[in-house]
Each structure stands twice: as structure tokens, then as C-alpha cells.
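Single chain ahead, by itself, as C-alpha cells, in the form predicted on its own.
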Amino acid sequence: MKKTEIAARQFFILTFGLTVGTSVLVTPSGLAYVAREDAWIASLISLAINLLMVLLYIIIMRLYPGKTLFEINELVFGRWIGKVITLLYLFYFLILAGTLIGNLGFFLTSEILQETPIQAVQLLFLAAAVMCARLGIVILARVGELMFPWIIFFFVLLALALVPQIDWNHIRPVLEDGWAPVLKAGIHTSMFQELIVMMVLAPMVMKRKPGETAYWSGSLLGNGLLSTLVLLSVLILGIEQTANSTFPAFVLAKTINIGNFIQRLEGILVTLWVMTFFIKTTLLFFSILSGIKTVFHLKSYHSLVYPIAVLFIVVAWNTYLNSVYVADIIQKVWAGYSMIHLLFIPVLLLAAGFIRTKLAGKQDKNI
């Protein structure tokens, strides 16, 4: 249980789970609302932006090998400013994790477990995350290995079952309103993958180069799955239903009916979603615990697991008030707020790293 190293393949699976996470349910709606028939193009733009951000994170990690995101903050910005920036990241992760748990409870109690109190669903899920956090990151990595084949199997089964319903007329005309709404939707959606979380876990990967490849390929596969789901949603449900549904992917799964025999396969999508959702939430849990440990120089974070879990549930009960409120926040506020943590600060880290490297090189030449 004290082992803290993970293999590159496990890092790949965790990156994939983080990328898919809650996006598998809500991404098609947001893209279709802005980009209309070109939502599938916007999803590809989002994929490209996420891969570029992963490249940015990999370059930063090469400048500071063996350091987590929080340790790099202190190295670049100094002890106190670095701690403040780390606390900003911890607050960001906390709000994100709480909102995700709120989303979980709302979805399950509104679509499936309608007679179950939302608090019961959230507490039960959080108990599993707490158990995993206490056991360590290696346990989550092993759980991910067990889940991954099933996630891929369920998605392929779902996609194949939907193929007979495809109507290619739903994506016509292409680029009717030009590139502006497509680019806007793609940039907006790319801010919801939070791949910077993996910079906290990257130093735990046994080998650096395979870890970098896993980081890149996990993001590629996860975004590729989301793009496929967006395309299927538009081709089958059409623009209006996709854009106006709270969970279009769930509605999509409900439409499956092969010979009046194979139907009601939405449970497959729910299973896929819960698996990746668990990986994403637990990764955020680990990141917050790691950040607190770094800021306050603690030997262990195990005593903080339960207090942080309480914060998660408090945030979930006070941020996810209803789907309309959350959708409004997502459309107007969240992308810009995320961009500060996912792009703006990392660019500063990269610039500072290059400047420091050049200054060190000049000093060596003078000596």
C-alpha cells in the first residue's frame, strides 16, 4: 500500500478517464447549442486544443523533471506567491469536484433513481472515493485497469447499436454560419477537460518518456470518444433535440431499438459514465490532498481525507442548485475561470522556465 509508482499504461487509463469524465453526458448539448450542425467540427477543434495544452504541460514537466504542478509553482514564483497560486488551484479543484458530485446526484435521481434522495446517492459515491483516497493512487490505477476494457467494450457496443439510425442530412449544411461559432464552441469546450490535473501525478510514473506518450495518447483517445459521441448525437437526434436536452447522450442511448428486441440500452451509457466519473472525481481528490501536503509540508495527507470529503459534499449541496443555474454558469463563467488555471498560469510557468534556463546558460558561459 505504500507504493506510489504507477506504470505508463495506468497513467494512460487515468488520463483517459479524466478526459471523458462527466463530458460524456453534457458535451454534445453545449457544442450543438453554439455550433449547430457543425458541432462535430467544434469537437475536433476542442480535441486539437487539448492536445496542444498537453504538449504545453509536457514541456513544463521537462523543464522541472520529477516535480509536481504545486512544487513547480513554488520553484518558479517563489515560496509565498507559489503557495498562493497552489491554493488557487486547490480551490478550483474543490469547486470542480463538488460540482461533479452535484451533477452525479442530479442525473441519477432525475433519470434513473427517481425515488432516491439525492443526498444518499452523493454520499454513497463519495464513500467509495474516500476509500480509494485512503488506499492510495496505485489502487485507483489498478481499478482503472479493471474498468478500462469494459468502458471501451460498452462504448463500441453503444456506437454499433446506433449506426442504423444515422441520418447524414442532420449535419447539413456544413459551416453555414462560418467558422466563428465553431471556433467559439471548440475553445469553450476544451476548457472542461482539466488535463492539468495529471501534472500532479506525472512524477509518479515509473519512466518519463512512456509517461509522456501515455499523457498524450490518453487525451487523444478520450477526446476521440467524445467527438464520436457528439457526431452520433447530431446525426441521430438532430440539432434541436441535442441542443435542448440536459443529457443528450442519455437520450441518444434511449433511442436504440434493433428489431424490437435489443432496446433500453441506456444502462450501458450510465455504466460507462459512472466508471469514468469515479476516476475523474478521485483524481481531483488526490490532487487536492497532494496540494495541501505540499503547501503545509505535511508528512502524510491521510488525516485530511475525511475533512476534504466533507468539503466536497458541502460544495455539492451549495453549488449544484438546479440544472438551469449550473448551465448558465457553465456558459457564461466557467470557461474563462478554467482558462486561467489551464492555460494562462501554465504559459507563465513555461515562459519563466525558459528565461531561467537561458540565464543559467549565460552564467555558465561567463564562468
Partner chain sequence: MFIFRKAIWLLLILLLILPGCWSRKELNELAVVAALGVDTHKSGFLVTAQVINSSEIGKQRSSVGATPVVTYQAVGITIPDALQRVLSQAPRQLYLSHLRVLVLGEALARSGISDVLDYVSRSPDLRTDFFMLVAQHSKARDVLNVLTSFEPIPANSLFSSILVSHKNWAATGMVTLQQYITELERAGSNPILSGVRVIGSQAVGYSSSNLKKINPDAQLQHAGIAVFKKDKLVGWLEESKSKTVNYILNEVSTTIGYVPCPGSENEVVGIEIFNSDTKMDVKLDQRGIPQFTAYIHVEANLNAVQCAIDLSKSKNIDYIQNQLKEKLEVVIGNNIRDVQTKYGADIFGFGEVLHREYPKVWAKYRNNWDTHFKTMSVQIKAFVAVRHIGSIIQPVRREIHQR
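Fair warning: this is a prediction, and the values are worked out from it, not measured in the lab. Numbering follows the first chain given and starts at 1.
What comes next is about the form predicted together with the partner chain, which is not displayed.
Checklist line | Partner-contacting position among R79, R264, K209, H297 - heavy atom within 4.5 Å of the partner chain in the predicted bound form | finding: Selected option: R264.
Check: Which of these residues, K254, R134, K293, R142, gets a heavy atom within 4.5 Å of the partner chain in the predicted bound form?
Finding: If I apply the 4.5 Å criterion carefully, the residue I get is K254.
Notebook entry, point to check: Does P173 reach the partner chain in the predicted bound form if we count a contact as any heavy atom within 4.5 Å?
Noted result: Judged by the heavy-atom cut-off of 4.5 Å, P173 is in contact with the partner chain in the predicted bound form.
Check: For L220, is any heavy atom within 4.5 Å of the partner chain in the predicted bound form, or not?
Finding: Output for L220 is no: heavy atoms all beyond 4.5 Å of the partner chain.
Check: Quick one: does T271 come within 4.5 Å of the partner chain in the predicted bound form, counting heavy atoms only?
Finding: Outside the cut-off, so no.
Next item on the list: Give a yes or no for I187: in the predicted bound form, does one of its heavy atoms lie within 4.5 Å of a heavy atom belonging to the partner chain?
Entry: Close contact is absent here: in the predicted bound form, I187 is far from the partner chain, nothing within 4.5 Å, heavy atoms only.
Next item on the list: Tell me the stretch among 80-88, 188-196, 97-105, 163-171 that has any heavy atom within 4.5 angstroms of the partner chain in the predicted bound form.
Entry: Heavy-atom contact with the partner occurs in 163-171.
Check: What are the residues of 216-231, in order along the chain, with a heavy atom within 4.5 Å of the partner chain in the predicted bound form?
Finding: Nothing in the stretch sits within 4.5 Å of the partner.
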